[in-house]
Each structure stands twice: as C-alpha cells, then as structure tokens.
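A single chain, nothing else alongside it, follows as structure tokens in the form predicted alone.
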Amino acid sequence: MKYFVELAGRQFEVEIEAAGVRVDGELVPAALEPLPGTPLQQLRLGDRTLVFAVESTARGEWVLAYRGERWEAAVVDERTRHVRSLTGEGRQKVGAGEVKAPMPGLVLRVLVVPGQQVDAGQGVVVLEAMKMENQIKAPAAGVVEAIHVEQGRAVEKGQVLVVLAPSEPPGGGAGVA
C-alpha cells in the first residue's frame, strides 16, 4: 500500500513491500515493531536499530520523539489523499486556532509572548514528557493571541497551550488608499 508522509517540512512517498519499504522509489530494508507495554517503537533499518517514542495525536497525525528531539508527522494513504483532493479537505492551514498539548507534561519554557508573529513550525512551548524535552510548534503562521500556560505547570493531553490569530496581510488589510 502507498502512503504519503509529511515530516520535518518534507513530503515522502512510502510503499510497504515484503522486502522492506520503498521511500521515494528507493528500497530500504526496514521493519517497525512495537515494544509491548510502552509507547515505544523499534525501527530496524538494515543493521541499525532505533527506538522512538510514538504517539498518535489525531487520525493520521503522529508525534515522534528520539533522543530529545520531537517531530510531528502526518500520514495519509493513497485513497484518502485522492478523496481529500476532490473535496478540498487538507488544504493549507491558516494561522487561526489553538496549539494543544499532544501529551501530558510539564511546561519547561514558553517561547512566545502575546502579539508576537510566529511562522509555521516555530516553537511556542517546550514540554517535558517521559524525561524528554519536546518543542511544541505552531501548525501555521499567525499572531499569538493568548498564552494559557506558564513555566513549571503541568498540562494534560489536549490542553490549550497557545491561541493563534490569523496574520494580518501586508498593509493591514485596509485596502488601497
């Protein structure tokens, strides 16, 4: 089956085959196995083995943590991608919305202030979870409207951390003078 994966701002075409995984047309000997009783997955790539913390945050959306680094990944199969292209679903995100905690944790740092312009993928809060620092990033460009957390406080999965408002277009959107 063919999947489309967005990770770290890049898109990959992934096909799962008996011999391994084909990534952007290149065959990679790989296997992914869960470690029972944990949120960890063991990824074997040839003779290398990597262990990641993996958590699903929504259908087709995942948070991966490895050695203190955190990535958000979106995975969609070929059929779903086609349906979305026909319905217009999944188009570019706008900046309005809430940035929520993808996992329970402790707020180590708040990286933004109200009124600050943020870019898509820019860190807004650093959480400690499972003894790892996880930078929570803005899903799209916007302006920080409100911050609902503070350093040293515990948060639950799904709790609103930061609220973003849409960015003003150049010229403030007032029209032509």
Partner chain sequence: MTPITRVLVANRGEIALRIIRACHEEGLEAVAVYSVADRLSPHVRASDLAVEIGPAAPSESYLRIDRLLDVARETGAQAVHPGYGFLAERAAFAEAVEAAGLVWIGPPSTAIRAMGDKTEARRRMRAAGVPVVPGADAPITEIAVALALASEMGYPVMVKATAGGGGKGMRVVHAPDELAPALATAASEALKAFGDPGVYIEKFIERPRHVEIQVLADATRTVHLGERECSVQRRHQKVVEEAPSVAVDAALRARMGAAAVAAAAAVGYRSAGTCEFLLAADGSFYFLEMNTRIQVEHPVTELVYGVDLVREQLRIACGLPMTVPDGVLVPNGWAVECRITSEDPANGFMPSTGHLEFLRVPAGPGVRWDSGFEVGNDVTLHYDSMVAKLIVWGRDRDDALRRIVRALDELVIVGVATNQGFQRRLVTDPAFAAGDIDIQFLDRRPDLAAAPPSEALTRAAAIAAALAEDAARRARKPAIAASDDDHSAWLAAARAEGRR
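Note that the rigid core is defined as the largest set of C-alphas that superpose within 1.5 Å between two forms. Numbering follows the first chain given and starts at 1. Just so you know, these numbers come straight off a predicted model, no measurement behind them.
Quick note: we don't show the form predicted in complex with the partner chain, though the next part is all about it.
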Fill in: Contact residue in the predicted complex, from L108, L64, A141, L111 (heavy atom within 4.5 Å of the partner chain)
L64
Worksheet entry | G97, heavy atom within 4.5 angstroms of the partner chain in the predicted complex | no
Worksheet item: Does T57 reach the partner chain in the predicted complex if we count a contact as any heavy atom within 4.5 Å?
Response: no
Practice prompt. Although the partner chain is absent from this view, report whether G115 comes within 4.5 Å of it in the predicted complex, heavy atoms only.
Written response: no
Fill in: the partner chain contact at V149 in the predicted complex, heavy atom, 4.5 Å
no
Fill in: Those residues of 104 to 126 which, in the predicted complex, come within 4.5 Å of the partner chain by heavy atom
P104
Worksheet item: Cα of L108 displaced 2 Å or more between the shown form and the other one, core superposed?
Response: yes
Discussion item. Does G60 shift between the shown form and the other one by 2 angstroms or more at the C-alpha, the core having been superposed?
Written reply: no
Worksheet item: Comparing between the shown form and the other one on the rigid core: C-alpha of E17 shifted by 2 Å or more?
Response: no
